[in-house]
Structure formats: structure tokens, C-alpha cells
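The chain below stands alone and is given in C-alpha cells; this is the form predicted alone.
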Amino acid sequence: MSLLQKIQHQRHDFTHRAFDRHIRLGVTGLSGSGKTAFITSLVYQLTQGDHPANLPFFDVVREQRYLGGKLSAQLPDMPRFPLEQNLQYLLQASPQWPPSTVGSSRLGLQLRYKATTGLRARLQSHSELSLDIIDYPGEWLLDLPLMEMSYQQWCEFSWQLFNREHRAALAQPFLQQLQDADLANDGELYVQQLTDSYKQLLQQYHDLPGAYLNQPGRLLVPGPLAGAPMLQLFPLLPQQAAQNTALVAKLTQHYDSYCKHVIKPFYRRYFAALDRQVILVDCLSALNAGYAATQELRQALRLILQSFNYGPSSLLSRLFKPQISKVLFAATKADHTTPEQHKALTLLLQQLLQQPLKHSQYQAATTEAMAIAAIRSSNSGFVQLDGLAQPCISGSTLQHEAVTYFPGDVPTNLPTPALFAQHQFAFIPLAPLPWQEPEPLPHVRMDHVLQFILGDKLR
């Protein structure tokens, strides 16, 4: 982007913020939480799915004041979110989930509607609202807590994590390698060999259900930083990190560079100017993985959300120090349970987010929690069992095998270790439902989502 283009974009953004005609939406979620599916569905509903029968709880659509949404011109400094490619995955005869995000991307929308209040309603035939959405790999999100730690503190944190029951066995080979490490050797080849071993461990953790806190995220999804010296980074054992050695000095330098040149610019670019936020949480996969997984998910969410600024919106804050004024906490994959379990799923989400919810509410942000499915993967109904109607769902597995079953109850509170020892949760991953245009993309409560995020701006 040229200097002139940057100035023009900043002036345009400043003007829209001054008149409260611009929303920068942050969609936050760990890897596997459904971020790509959520953004795809949200943009589709706003540009093609705006029918009252499809979005009955989105006021501007139900009242037939919504005139449509269109994609904005793409800024040249960031790749475009692959909306059309994602929709093609869903339109296949055997639909598939769009691939996970491997780099940053952006999508802007212009939403046009008829206002009902203020001068705009009396003087203008229509009003417009700009919506800006940024996507990024969930793995990068986990680096935000590193800004509050030194290298030595990160080493202590990492090995406390690796010593937990669900992680300890996988960590043993790397632990042994570090115990035999030459701390006086800071040679390029030696440091890279140890980094490669740690990267292999991180990948194993990434593939392990319930292991959420895998840092640094750019070792897993490097993006344009592949091969950068600062990615030669791994946590030494705490007693090693406390020593004054050549290897400690080099790793500390790499860690500090990573925080300064990667994490802080990432935060400033994607999060510092957010107005509203959706936080996606896959509670069901954590239940499948057991007690340690639910506790680690809870810890990961708490650490991440400490990095955001929450508070009411005002003219000065919009222009000079944006704060997140609305936060939606969404339990994803709600259609992997029967509808009567959605309330329990929402309550479980609130339990997982008890501390972050208090934190955001204390700072006067408006919050709400709900169970959603951005793109439906099942239909719900009943089967007769011993003369009684029993709830069930039907869909297809990821291998496209048809299934009809009752997936089980969702606990309203975080289960205890004793309950996990007695009961194995088994919520089956499902493929998207078959879909063909011009039918609207099926969802669960995306109209509620849109009303919470945008409803007050489209009056």
C-alpha cells in the first residue's frame, strides 16, 4: 500500500469512527473453535441470507428495513478472506468444512438499511454501516499472554503445563534432550536442532485433544516468518533458564525479539482497535477430552482475554483509544447436541468463562452468552423408544456415514474429576448438512448473533 493510500484509508476510517458508522469486529477463538465457519456464515447471512424466514430475530431484517450488504474494496496490504472458496466446500455433493486459517486475511462489508431514529431517518433515504472483519490462525492468539512474561517466566509456565497428566508422557523425549543439553553451545545448527525437537512436541500437543496452550504459535503456523531466526525458540528447563549461559542468552534474545517484533505488532494491528468481539468456544471437544482438557481450556481463555480492553463506547474512545463495548461468548457446534441441551451448553460456557465474564462486565462492556452453530451439521427430531418419544439428531460423520443418535446430556457445571472417571463424553464430529443455493445457508441462532453485534447500530 502506498503512503497516499494509507493516508486516505486512515482518513476514511477516522471519519466513519467520528460519526459512529464503522465497526471493527474481532472474532476470537482457539484453533478448532469454528472461526472460519463463523466468519463465512456471518458474511453470507449479511450479503445473501437476509430473508425474514432465515433471520427472524434480526430486527432490521424482520422489519424489512435491511437493504442489503456488499463486500468492500479490498485493501492491498492484506490477503482477502476466502469467502467464495469456503462456500464451494459447502456446496459440494458431500459437503466439507472449509480448511483452517493459515494466515491473516480481511473482509470489509458495507451494510445499507433504512434508519428509524435520529436525523438519518428524516433526512436520508438510506444509511450505511461499515463492518471490518479480520481473520487469523487461532494458534497465533495463544501468543498474547507472552507479552506479560519474561523468557524465564515462560520456561516455568511451560514446564508446569508439560508436567500435567495429559501432557507428561509426550514431553519425556524432549525433557531428556534438554537434560543432556550443552548450555554453553549457542551455535546456529545446535539451536535449530533443539527447536526442531520442540516444534515436533508442539505438533504432537496440537494434535492431542484438550491441549490448548501451545506456544509460540508461529512455530506451528509460521506464515511469512518461516525461517526467521527469532523462531529458533523453545523453553529450557526452569533451572537451566535461571543460569547465565550462552544458550540462555541467545534464547532470551530470540524471545524478546519475538515479543517485540511479532506479538506486539500483531496485537496492535488486529486487536487494539476492536469495537466488538465474538469469542468462540468449543466446549464439547473439551468434554470429550476429559477433566484436564476443560481446565486447560478455562486457563487459556482467561489468559487470552486479559489482553483486551473492554469498556463503554464514546466519541473520544472511538477516535483515540477504542474499547470493546460488546462481547458475545458463543458455544459453537450447538447442533452436535439436541435442542433441549442448548441451555445447559450455555450454562457450561458461562462456567468456563466465569472469571473473564466478571472482568469484562466490571469494565462496563455489554456481554451475552449463547449456544450457536454458524453452519448447521445436523437436524433434530424424535424417535420412538419403548413407546416414548426420545430426542435425537441426524447427520453425517466426517467420513459421510449417516447417523441418527442421542449424543447425551451436557452438564450445566464443569464436571468434577470423579464424574469424568465414571462417564466418557462422546460428541461425534459431524460434516455440514447438504446445501444448495439459492436456499439460505442453514444455521442455529446466527440471527441472535447479528442482533447482538449489529442491532443497535442498524436502527
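All residue numbers refer to positions in the sequence shown, first residue = 1. Given the structure is predicted, the values throughout are model-derived calculations rather than measurements.
Same protein, other form: the form predicted in complex with a small molecule, not shown, and the subject of what follows.
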property: The small molecule contact at Pro235 in the model of the complex, heavy atom, 4.5 Å; result: no
property: 4.5 angstroms heavy atom contact with the small molecule in the model of the complex for Gln45; result: no
property: 4.5 angstroms heavy atom contact with the small molecule in the model of the complex for His336; result: yes
property: Thr346: touches the small molecule in the model of the complex, heavy atom cutoff 4.5 angstroms; result: no
property: Interface segment, criterion being heavy atoms within 4.5 Å of the small molecule in the model of the complex, picked from 371 to 379, 248 to 256, 188 to 196, 296 to 304; result: 371 to 379
property: Heavy atom of each of Leu142, Pro209 and Asn214 within 4.5 Å of the small molecule in the model of the complex; result: no
property: In the model of the complex, the one of Ser100, Gln200, Gln153, Gln74 near the small molecule [non-hydrogen atom within 4.5 angstroms]; result: Ser100
property: Answer option from Gly32, Gly408, Pro391, Pro52, heavy atom within 4.5 Å of the small molecule in the model of the complex; result: Gly32
